[in-house]
Ligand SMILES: Nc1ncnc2c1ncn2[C@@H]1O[C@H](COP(=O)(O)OP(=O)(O)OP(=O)(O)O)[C@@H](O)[C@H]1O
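Just the one chain here, laid out as structure tokens, in the form predicted on its own.
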């Protein structure tokens, strides 16, 4: 039986994962325990090879833990994935080069349409009532001939995210017909963000999506991501190697140890949003950066 608390929590319990043949297996994750609540933005940081991406793949249902369990708001990752309740954004935008910006964002709604019915059924099962739907604020597409809806409203279970509104929100309203190669790297990443949010997924997994961007583009794209996330209210797990990025984005930062990866500490970030808005906020962010670097050192991470 799924409880109300189960439906609002992401829980990883004793998850371990190793790779290789018997006798020469390499342990990537060791007894990971991790929990977050619906609507949080949590970053995972640690050295290369510590299992950050492996943990993300376990959450996505792309791999299964050797031991332990993963529960996503009352469902298994496989169930959530089959119902389009998980969106995964890798390091590269992975846009279709022959499709326009708008077509790329529309793509998830055109793939595996039967998953939409599974998603609606899963939402009813988790919430325990036919009309259940999590609180959200996605732009929705009005039915033909219907009065114009507010730009952001609470959708019904079948409401479709409006790709044009999402792209406009991310500053790409004048690039709907452009092809990916006509865009800068930062613009391509914003298209990928719009595509991820267009799925209306309960959980958005992001694996170092801004690592290839220059500093100014990176900060601008971070701010746009946060603005959209705050309107939408999705749950985000964000993998990064950047301490400042983790601090400015997150409600909490999960610090991982070197391989085999386990969670060394979790640091809540108690700084009001919007951040980077003044001297007091900047000073507080720097204090958290120093704290997380110290947590990394205590976990055995060598910092340059």
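Positions refer to the first chain, counted from 1. This structure is a prediction, so every number in the text was calculated from the model and none was measured.
There is also a form predicted in complex with this ligand; it is not shown, and the following applies to it.
This chain lacks the partner; the member of 57, 275, 38, 262 within 4.5 angstroms of this ligand in the predicted complex by a non-hydrogen atom is 57.
This chain lacks the partner; the member of 255, 236, 28, 247 within 4.5 angstroms of this ligand in the predicted complex by a non-hydrogen atom is 28. Of the candidate stretches 267-275, 46-54, 247-255, 64-72, only 46-54 has residues with heavy atoms within 4.5 Å of this ligand in the predicted complex. Within this chain, residue 79 is remote from the site of this ligand in the predicted complex, having no heavy atom within 4.5 Å. By the criterion of a heavy atom within 4.5 Å, residue 208 is counted among the residues contacting this ligand in the predicted complex.
Of the residues in 223-242, only 241 comes within 4.5 Å of this ligand in the predicted complex through at least one heavy atom.
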